[in-house]
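Just one chain is shown here, as structure tokens, and it is the form predicted alone.
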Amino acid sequence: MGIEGIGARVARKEDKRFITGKGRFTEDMVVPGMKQAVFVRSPHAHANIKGIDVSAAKAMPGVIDVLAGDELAEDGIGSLICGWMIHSRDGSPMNMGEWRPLAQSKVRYVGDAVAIVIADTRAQARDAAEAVEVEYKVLPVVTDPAETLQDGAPQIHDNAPGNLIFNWGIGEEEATDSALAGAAHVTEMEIVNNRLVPNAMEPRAALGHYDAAEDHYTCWTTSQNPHVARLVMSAFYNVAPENKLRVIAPDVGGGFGSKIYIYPEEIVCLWASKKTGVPVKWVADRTEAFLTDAHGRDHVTKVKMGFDADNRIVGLKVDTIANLGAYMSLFSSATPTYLYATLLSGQYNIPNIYGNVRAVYTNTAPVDAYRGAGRPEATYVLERTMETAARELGISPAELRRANLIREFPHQTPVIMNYDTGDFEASLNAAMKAADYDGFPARKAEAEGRGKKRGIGMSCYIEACGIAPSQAVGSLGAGVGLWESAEVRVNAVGTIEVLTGSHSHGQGHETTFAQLVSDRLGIPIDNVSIVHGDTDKVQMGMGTYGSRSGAVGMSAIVKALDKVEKKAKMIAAHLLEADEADIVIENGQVKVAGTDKALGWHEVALNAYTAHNLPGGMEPGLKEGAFYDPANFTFPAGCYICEVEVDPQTGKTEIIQFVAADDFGNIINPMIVEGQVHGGVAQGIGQALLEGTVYDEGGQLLTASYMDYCMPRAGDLPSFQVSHQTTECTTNPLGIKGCGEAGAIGSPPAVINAITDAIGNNNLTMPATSQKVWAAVNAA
């Protein structure tokens, strides 16, 4: 490891432009002749469209045009799709209802787009949007995921009887039922995982530009995977041929999963640009983001966990209703199935598991992957149940977990996943030591003397990252491969450009990817540039989600570097008249091991391009590409412990201590990893204590602003204690597991377990607001 290589705490290169206000986001993009767009959105959660009158709006000052769904359909623009096919237990395919980019005959949630207004200024477009007259016939509404399955509930899509999208199962139901029937103790719970709004710092935005001279389209957008956006908009939505469409995702101010998907706005802005002859830009305001960004979570689950007389788990049965909202988003079907139920074994050796998931439509915003994507939901179910079982059995929650930990690897779970490696007890021990777990009773007694209720809660999580290999996910219904690509270009002066299909939206790729190159070649990270987010520059890539950038994206870079290094050594061996096997690359030099014969890295690069003296038959240049398709998921894991004090008079909860002990495999930059953990834990605490969407009976989103949707602030959070225990991943060349989602996965159950421990009442749902906690204290 060099001072800037793997393992070094290097400050992020990209932060200079961000903290000085010089980042370039989609809103910053300007194209000559560009106009502003505002969408006309449904104020009703469920209604038939009887007619749209745009004449008054078109006559208003500055208005270029007003376009509606019928025109979009006439031009052959397709409906939005879900890219992961799920089959029900009876073998039938999922019921995917039609989602038009601009609704034509029916709207299905408040915020459903029905028209686009293009004008000289955003204010003019907004005024004209209010003048568009839409005649609606309002229909009955259903927002509750359980109620939508009941007889007589409003029918949202004609091809999904009873609003059921699919009824899917995994595991062996008969064996699980038998194990539970013979159990010495069974813990049963009903668990709600509250719906969340992602709330990235940068709202979604899109700028569509059709160049008539070149017959070419360009879309700037807030995307985590621009190549997939180009693929889908060309192949499925018929917006433009793929070779005539460029998608650029510049700086992106946070995504958390909500910017993976292709939304109606990108499609419509590109189409509208060709239709009107002007570049069209749309930028969401915050309430629009609340209404239309893909939401996260929203599960209602019944769980049974059985134990034998020695407190070993014998069976786990889970029945979940997953609310996918009004439409199926791009990867929504995978989130409550293969990203959720396949993690129900957690860190525990559970011989029998059966999971049943019923995905449903409601008159609410679409739901898709949000930081953790299925794994937080699985962890919450498992860790709330484990904590409850420990209380029912009258034993320590830590020791019940310890007794059931997986200790031998590789470990095949009953629900597909094969864990390659891990040391779960090491994380448990580290967290307990850092939290002074054994000293808690004394702290609890001291708090009681001050009139406070003190509690401690634990969560042992595991997640699956990388989402691969492609052949495996293809067999499970995925519509794309989940490999990654990279190209390493060594310039004639020795500087390097790395082109990656991964995309950064806050994770620090420009730093960590450069550290990998620096570590390998011994050159300063300032000599390494990372290129991403542009489909005209990077050949093809699968983007960033599922904590895949390190394990998959960087592994592709390693493969490309292998080829670069091999060629560089061949050139150096030829120039230095040495055997290729004796050539080593260290500290920016290519030299003969054990001698003083050496060339600077820049000299080798220059020789590659001058090509005056290369080995016979060698092509000039020093540039190599690679694709990497992982052999397995990676499995980060850890243990989180939260300690709280509750004021019984007000219900206010204060987090006194939060300890995170994680195993992320090998770590490239510890400082960036710690930042990812801090951010994830903050989001998890936000879900546990503060955040939650609320729809009224008419489908109106009551939490559509920061006045009503409470985000965690600095005063709500403690100083986190973060540590790392390392077992190397065995299925990628860097031994990386991934770190981006762990904090949001492990923290919610730790917080709720701590609060319920403090108040002596296990009947508490997220968010555990002061009012809810106060009521639970009094009920107890």
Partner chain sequence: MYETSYHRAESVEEAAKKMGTAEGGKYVAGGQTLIPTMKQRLASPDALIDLRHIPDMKGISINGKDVRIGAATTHAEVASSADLDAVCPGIASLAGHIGDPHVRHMGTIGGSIANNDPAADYPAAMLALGAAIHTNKREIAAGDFFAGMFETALEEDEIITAVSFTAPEKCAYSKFPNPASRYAMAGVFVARTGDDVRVAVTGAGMDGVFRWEEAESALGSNFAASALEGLAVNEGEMLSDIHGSAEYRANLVKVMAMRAIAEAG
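Residue numbers count along the first chain shown, from 1. Since the model is a prediction, treat every value here as computed from it, not as a measurement.
Not on display, but discussed next: the form predicted together with its partner chain.
Trainee: Taking 4.5 angstroms as the heavy atom distance cut-off, pick the stretch from 307-315, 119-127, 609-617, 549-557 that is near its partner chain in the predicted bound form.
Mentor: In short, 119-127.
Trainee: Only one of A593, A73, L702, V192 has a non-hydrogen atom within 4.5 angstroms of its partner chain in the predicted bound form; which is it?
Mentor: The residue in contact is L702.
Trainee: Which of Q471, S396, T650, S178 has a heavy atom within 4.5 Å of its partner chain in the predicted bound form?
Mentor: So the residue touching its partner chain in the predicted bound form, by this definition, is T650.
Trainee: Is D708 near its partner chain? Define near as a heavy atom within 4.5 Å, in the predicted bound form.
Mentor: Residue-level check for D708: yes, a contact with its partner chain.
Trainee: Would you check, heavy atoms only and a 4.5 Å threshold, whether K50 touches its partner chain in the predicted bound form?
Mentor: No, K50 is distant from the partner.
Trainee: Although its partner chain is absent from this view, report whether Q771 comes within 4.5 Å of it in the predicted bound form, heavy atoms only.
Mentor: Answer yes; at least one heavy atom of Q771 falls within 4.5 Å of its partner chain in the predicted bound form.
Trainee: According to a 4.5 angstroms non-hydrogen atom cut-off, is A146 in contact with its partner chain in the predicted bound form?
Mentor: A146 lies outside the contact set for its partner chain.
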